[in-house]
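Single chain ahead, written as structure tokens, the form predicted on its own.
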């Protein structure tokens, strides 16, 4: 795997002889974009944050709470050096001397290991006169803290609720100072970009789970076929649907290219490249109900559409699942999904109904068959 190539902090020596602007330009030319789901160009984010005035911060988003996503866990376990070095490189590029690694609560067993890596990295960086301190912040298991502004609130010691944007973190983030926030996989690629001319921007990590016998993290080039990935997972039974995590939507299983454009064309979102395979033994209404329970539980409650809407969506799906619903209930569910998507404050609420709207588009009969 390209992502598991250990840089051994050699990229720090290289950037010590470069100007921050040169580092940013190198990242821009590489084409690296956010691997947490937003897909925003990393070089531009570095540039925007550097151009902001005042003290700056770097936050590594290691709060991997999306169901079906576990690629960052693999990197943190197998190659933490690159993540920490990536944070230091990012700090050097934007002119920051302080960073925070926001670690998912369920990954707390990695904290001691990561702290040792941080201590070692600091010794190496200090010798090169690159001064950057990293502090680990343990999350409390809230999915909402995957949102960049909710992470900021949590690091500040507040409840992890999202903020209104703008202002964006690059201008006004942690402690109201310019802040760069990037996903673990994104940061882990920075040392490789600095060191390796053969680094391939097309490689992506796919978290594969569901009704397969070999779940795991697979590294494939962007645009690889969905069929190839599913076959690597060796399903026992015929796969009928795939979910792109819980927030990316549901599509019937067919041989499509695994890139943002092809998946978006079908009405779903590739996001963080989490693929959950569902075979013919499962009913889509039951899967939708299970996912709806997750979103209802994880809603932070800050905005009304998400707080009240996810609760009502779950009620309607349970009613349909129990064959107690009529056609008007299904129509109400569709309308409610649109409202939640269009009016929720943050990405959690906005994406909480994508799995339902896409399931209704492609598997509507499984819903109507349960109506009374």
Partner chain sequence: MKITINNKEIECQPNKTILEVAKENDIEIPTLCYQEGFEARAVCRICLVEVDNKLLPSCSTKAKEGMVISTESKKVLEARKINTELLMSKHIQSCFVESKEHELCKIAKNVGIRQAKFDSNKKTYIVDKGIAIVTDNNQCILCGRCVQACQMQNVNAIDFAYRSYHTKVTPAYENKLDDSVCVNCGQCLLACPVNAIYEKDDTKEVLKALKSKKHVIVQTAPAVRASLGEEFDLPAGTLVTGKMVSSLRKIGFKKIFDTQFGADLTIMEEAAELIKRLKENKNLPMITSCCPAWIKYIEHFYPEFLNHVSTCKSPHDMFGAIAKSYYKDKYKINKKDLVVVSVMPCTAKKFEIQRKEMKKEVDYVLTTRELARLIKIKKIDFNNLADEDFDAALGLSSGAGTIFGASGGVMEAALRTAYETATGKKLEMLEFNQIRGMSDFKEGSIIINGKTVNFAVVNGLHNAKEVLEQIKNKECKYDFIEVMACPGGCIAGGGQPIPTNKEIVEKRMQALYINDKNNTIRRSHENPAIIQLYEEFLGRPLSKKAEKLLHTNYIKRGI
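The structure displayed is predicted, hence computed values, not measured ones. Numbering follows the first chain given and starts at 1.
Omitted from view is the form predicted together with the partner chain, to which the following refers.
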property	result
Heavy atom distance at most 4.5 Å to the partner chain in the predicted complex, all of 201, 204 and 260	no
Among 236-244, 135-143, 252-260, 113-121, the region lying within 4.5 Å of the partner chain in the predicted complex by heavy atom distance	135-143
Selected contact from 59, 325, 32, 345, since only one has a non-hydrogen atom within 4.5 angstroms of the partner chain in the predicted complex	345
Among the candidates 44, 26, 38, 336, the residue which, in the predicted complex, approaches the partner chain to within 4.5 Å (heavy atoms)	336
Contact label in the predicted complex: residue 297 to the partner chain, heavy atom within 4.5 Å	yes
The partner chain contact in the predicted complex: residue 53, any heavy atom under 4.5 Å	no
Exercise: residue 301 in contact with the partner chain in the predicted complex, heavy atom 4.5 Å	yes
Partner contact for residue 159 in the predicted complex: the partner chain, 4.5 angstroms, heavy atom	yes
Any residue of 305-330 that, in the predicted complex, places a heavy atom within 4.5 Å of the partner chain	305, 307, 308, 309, 311, 312, 315
